[in-house]
Ligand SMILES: Cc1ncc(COP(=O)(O)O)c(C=O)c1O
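The chain below stands alone and is given in structure tokens; this is the form predicted alone.
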Amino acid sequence: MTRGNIYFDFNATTPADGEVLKQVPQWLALWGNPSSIHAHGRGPKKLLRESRRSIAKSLQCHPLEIVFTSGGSESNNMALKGLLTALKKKNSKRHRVLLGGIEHPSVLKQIPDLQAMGFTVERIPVNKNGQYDLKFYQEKLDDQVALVSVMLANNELGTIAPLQTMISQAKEVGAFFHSDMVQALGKYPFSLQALPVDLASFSSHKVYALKGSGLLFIRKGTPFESLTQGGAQERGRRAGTENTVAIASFAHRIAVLDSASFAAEVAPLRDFFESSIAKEIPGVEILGQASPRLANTSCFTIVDVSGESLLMNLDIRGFSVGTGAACSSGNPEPSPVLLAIGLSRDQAQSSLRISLGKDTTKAEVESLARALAEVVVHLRKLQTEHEVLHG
């Protein structure tokens, strides 16, 4: 039993960095509306402008290619619907959309809406290691494809998509390309100059900034129709008063991110954890291990043990982890990502995900591995006793 609580769910959200919290009071003092032209609006407007420039420098894009949003989900919705609505208004003959098979729900749950708009939507399959079927992808690409959307790093498996190749092939047929880069930011090295996507989504609370801010990168010349009507904020691409405090915190954190150093520090901890549980717990399978992965992410299944039971028992012992089975949020259905890589429902519901943070220690990882082994023994003993009693 541990004292306090140790967090291992950094892919879900991160705590605000200490340096961010120190600067919040001065950002809050600039409380005016940045769209106002009087004195109270000039301070917030300057903060917003400086934040935009700082983020653009870090991501290697132009400041005016950035549209601030409330987070990754809004950015994903804006990207797909904003682009496709604009293409329809231009009477584009392209009517097909290709989506990655393991996208975030904020992409996949748009499928009915996109179909209602008249688009045919197909998902690019992945194998058990979370690797894309590039032969299928290339065969599906033609001059009828309007948009391809594939996330750079998967939030559950941590697997990295071969975007350089996929973007290049999409461009050959004139298709636009969007990528959900929410999980990759700060964990995997990339730039918007080196990866020539047309649209990309990001979120503040994954990188130790405040919740409530995100951004959609829209490369210059990309067709786009605003989904919100109102003021002229964000050059008419997203109406509504900007969340200047959260945006400032986002800019502060992006400026200091060092994905290469982060990966070098946490990868040995992730590998140590995986080797420990593989040695101590029979029936463990590490998912996506044969693929390039985020250095901080480990998703695995454990035979004959419910992922939800594992999560709750670890929580009682003082460890916060994630589960690939969505039942932890009240949904009895297993993770669509795990089903997409070929796991059965039972296997998917026996999954667990841990994600490490910038301050995670080896002692914490050792404690989690030890506690997990003990919980598995306990749950399997209960299962055996139940089977004996009930035949």
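Keep in mind that what you see is a predicted model, and the values were worked out from it rather than measured. Throughout, we count residues from 1 along the sequence that is shown.
Below, we refer to the form predicted together with the ligand, which is not included among the displayed structures.
Put simply, of Thr244, Thr159, Gln183, Ser298 only one has a heavy atom within 4.5 Å of the ligand in the model of the complex, and it is Gln183. Taking a 4.5 Å heavy atom cutoff to the ligand in the model of the complex, the contact residue among Gln131, Gln289, Ser309, Ser106 is Ser106. Residues within 4.5 angstroms of the ligand in the model of the complex, judged by any non-hydrogen atom, belong to 174-182 and to none of the other stretches in 269-277, 79-87, 93-101, 174-182. In the model of the complex, the ligand sits beyond 4.5 Å of every heavy atom of Ser249.
At least one heavy atom of His205 is located within 4.5 Å of the ligand in the model of the complex.
The closest heavy atom approach of Leu294 to the ligand in the model of the complex falls outside 4.5 Å. Using a 4.5 angstroms threshold between heavy atoms, Gly71 counts as touching the ligand in the model of the complex.
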